[in-house]
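Before any questions on how it binds or moves, here is one chain, the form predicted alone, in structure tokens.
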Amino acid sequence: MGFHRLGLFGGTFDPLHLGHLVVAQDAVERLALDRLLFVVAGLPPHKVRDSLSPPELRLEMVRAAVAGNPAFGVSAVEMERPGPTYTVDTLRAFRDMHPETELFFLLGADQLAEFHEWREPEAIASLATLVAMAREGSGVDPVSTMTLPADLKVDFVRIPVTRLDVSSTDIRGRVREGRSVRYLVPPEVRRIMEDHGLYRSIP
């Protein structure tokens, strides 16, 4: 099926949590997307030394969480490539698959801060519209105050998204400490985490 406006939301999603889903829904509405795909990372180059959950379990968690939303989908394209995966290669693959589709690549503030260090950042910007997700709420919005290197010729659009103070790191820590993650992750994700004993022995 072809799409006019397709959003791509990449990440390790280890695990996917309610904050991911909220900002994804905001992006669908703000950008009038026909579909938003969660692109589950295989082996991100910046996390090669970190301990990631098995790709198939991260993929299973995302698929379970988004199954009820017709605006959402999941892509395993990065898992199907061997070795570290780079965003520029992913976007080229999507451009080949959807040559007539307008692509939107979602970036959080932390990703935007490191964007100039990514492989071929200007090529990424030429393949898709870069979308900086600025979290609404109290405090200074890091996207608003951020400046990219002067020699980096890229543009991005900024959209406000709902702020939920939750992170995958925090969730993994809670599990390790024996604390509840109810109301932080979808029930389907929590069930998979419990069934497979995820995050209980993270160093």
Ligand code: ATP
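Predicted model only: the values in this text are computed from it and were never measured. One-based numbering along the sequence shown.
One more form of this protein, predicted together with the ligand, exists but is not displayed; see below.
In short, of 166-174, 151-159, 27-35, 63-71 it is 166-174 that has heavy atoms within 4.5 Å of the ligand in the model of the complex. Checking Thr101, Gln111, Ser75, Thr85 against the ligand in the model of the complex, a heavy atom within 4.5 Å turns up for just one residue: Gln111. Contact between Gly10 and the ligand in the model of the complex is found at the 4.5 Å heavy atom cutoff. Taking non-hydrogen atoms only, Met193 never approaches the ligand to within 4.5 angstroms in the model of the complex.
Contact annotation for Gly19: at least one heavy atom lies within 4.5 Å of the ligand in the model of the complex. Though the partner is left out of this view, Val23 does reach within 4.5 Å of the ligand in the model of the complex, counting heavy atoms only.
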